[in-house]
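Coming up is one lone chain in structure tokens, specifically the form predicted alone.
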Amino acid sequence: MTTAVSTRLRQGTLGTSAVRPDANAKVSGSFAFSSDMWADGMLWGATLRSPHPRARVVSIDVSAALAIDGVSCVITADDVPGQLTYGLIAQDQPVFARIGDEVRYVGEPVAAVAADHPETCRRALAAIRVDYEVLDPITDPEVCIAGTEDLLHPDGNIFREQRVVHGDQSITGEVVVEGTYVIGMQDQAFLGLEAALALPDHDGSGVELYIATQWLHEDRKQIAACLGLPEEKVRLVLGGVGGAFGAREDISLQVHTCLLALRTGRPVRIAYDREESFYGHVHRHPASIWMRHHADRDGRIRRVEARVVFDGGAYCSTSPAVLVNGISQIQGPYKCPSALVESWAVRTNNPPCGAMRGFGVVQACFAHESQMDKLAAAIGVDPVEIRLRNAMETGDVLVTGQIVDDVAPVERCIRETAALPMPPLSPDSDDYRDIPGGSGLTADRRHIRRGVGWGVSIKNLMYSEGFDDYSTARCRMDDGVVTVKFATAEVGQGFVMLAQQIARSVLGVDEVLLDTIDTQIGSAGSTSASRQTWMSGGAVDAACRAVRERLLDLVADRDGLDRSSLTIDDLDITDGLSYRRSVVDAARGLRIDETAEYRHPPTEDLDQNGQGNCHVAFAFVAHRAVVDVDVDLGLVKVVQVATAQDVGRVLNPLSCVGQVEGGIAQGLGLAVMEEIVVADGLVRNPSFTDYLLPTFLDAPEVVATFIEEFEPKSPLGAKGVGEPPCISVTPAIVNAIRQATGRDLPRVPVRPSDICL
């Protein structure tokens, strides 16, 4: 795709494809990821995990492990000096399972060791004797909803139950379509595995942790509580992050690493391998969603009914918030005057689930977009027309009663996606990479059918339901040199680049330095919920503007100008020259340091009927997928994905394209291949050998355009770009497969057997 960039913009400022400061290091292989961290005198740490989805811990004997040469210590729940549990919303997850208590999923930590070598750690873990009383696991959420007396946790078996009752409940439609849709458990599958390095203070009174995370300050709060230390004694520094997608919001190895370092008085490093990573972090919630749509004869939606069940696994994580995200946007980006939704997020003995890109809306979107195609077929119009007839506009109301007062260009998203060029029909070439099955030479062109499918979605931005969402940043100009500091976790999304663009645009300078990303400044919140461009971008912008105001004071004093009439327009920052000559020269020998916070107006909790202004803002996107399917073998090739995305304002064209392409690949994975297979609480495929991911050869042609309608609520006029690309691409691909095959396909990922049976 191409994006027009004004020739008046100076390279490196907002609106240009500025170069990432970490780009050269990453492409050359010299970038230090968290797994590369090292310290003199370092010990290795490792975690012993439960092999059972549910069992009572009868005894733990660590004596044989301690007797192994090179083992420095072994710790269990008895060695946790502070709070024994942690968690984001509810502190229900143990640091280690205690004797007499239950382990509640395969992979639950039971003990940890520190030793002189990873192999010594492995031997020590094998030497720890744990006796379990194996119990029958509950892995079906419906059992918990039905009210089983078997309590999986003292906090109960239901994380959240929420009704949504909206509009006139007596409304019915002339046309009714319904279906039940199932979404499998998806892994975030980041390439950079979990790793941390903890360095204890010389007197054991505190600890410094280098960690790949999405939220430094939330990690610190939970770690300090478990260590029994004041938060100021626990200092976190962001390690190089090799992807996140939600899985690094929750604690994994942080507390274990710090405990071992404080116990031994030496630096300790823990690094997961791929299998342990599957057990060590949360995943996307598997879900079951029944929906019924009522519509007029012309296809206009009159009422939506739904029953939504999210399997949260063994511990709470963010399950209540994920559920609310899904059900509050269950109508999709469509007008809906009446709704009744029943929903549950449930505890089971399956692996814990929490945040993943799209945060509940992915599951809801698969259901409502499958329904939209059924509705189109029922009234005899095409999938584009049914969506246009129902497209939401600014001022429309969600099923929660919230008015969508953002820019809402849903119709533009659909029409501009439809206008993008279609791919040519498959050429008669000998390149089997162009057909389903690729170089496996399995497909026959005579059996290939082409399908086209659509998906359109809405996605909330920022945190919801009364969360005090804010971000902090500092800008310092020292002798004309600008340095920006923040605690915003850079997880690959490019905020380190955006912060420099903001500073260059506001202050007119060329070179902007970035300070260490750590907890030595106020919180920036989590790098999630498509919020950092809006929230931390707003904080950096405010801090830079505060410095600029101070500098304008200097210019006015130096040149004898009337400060009350002096504005930035008086100093030409289009090319930066006049401004730099005026301000940077005036700043020689001076240090100006300003810290700013950005907060959005408060949101509300949903009431008992699911009503309330629970979200801050929304973004919209449309996807059109073109697929080729070998109907005899059930093989699928996604040929092209076209998309028009509502972004408010493009701040970095190249970065936006990268987010779109990456999100589409992740949505493609959920559509046709990615699933953690869990049977009776046991993970059957904890490796990239058996957990399939899209590769370069699976990537479709991406044709994209951005809809730029300045968002007045946003401090930079921009909306978050990261999540929407992965949401409606999944149903678009599945709808395309449905069109090609005539199959109902109510479940993702779609398997070959679903197509060819």
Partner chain sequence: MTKSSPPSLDYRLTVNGRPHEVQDSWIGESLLYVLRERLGLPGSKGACEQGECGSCTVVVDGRAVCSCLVLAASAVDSEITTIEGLGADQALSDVQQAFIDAGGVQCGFCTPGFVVAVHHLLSNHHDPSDNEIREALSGNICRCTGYGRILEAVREVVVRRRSS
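Since the model is a prediction, treat every value here as computed from it, not as a measurement. Numbering follows the first chain given and starts at 1.
Same protein, other form: the form predicted in complex with the partner chain, not shown, and the subject of what follows.
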Contact check for 439, 687 and 693 against the partner chain in the model of the complex, heavy atom at 4.5 Å: yes
Interface segment, criterion being heavy atoms within 4.5 Å of the partner chain in the model of the complex, picked from 46 to 54, 728 to 736, 711 to 719, 29 to 37: 29 to 37
Contact of residue 58 with the partner chain in the model of the complex (heavy atom, 4.5 Å): no
Contact label in the model of the complex: residue 119 to the partner chain, heavy atom within 4.5 Å: yes
4.5 angstroms heavy atom contact with the partner chain in the model of the complex for residue 491: yes
4.5 Å heavy atom contact, residue 274 and the partner chain in the model of the complex: yes
Option touching the partner chain, based on a heavy atom within 4.5 Å in the model of the complex, out of 318, 186, 460, 371: 186
Heavy atom within 4.5 Å of the partner chain in the model of the complex - the one residue of 322, 356, 502, 539 that qualifies: 356
In the model of the complex, residues of 662 to 679 near the partner chain [heavy atom within 4.5 Å]: 662, 665, 666, 674
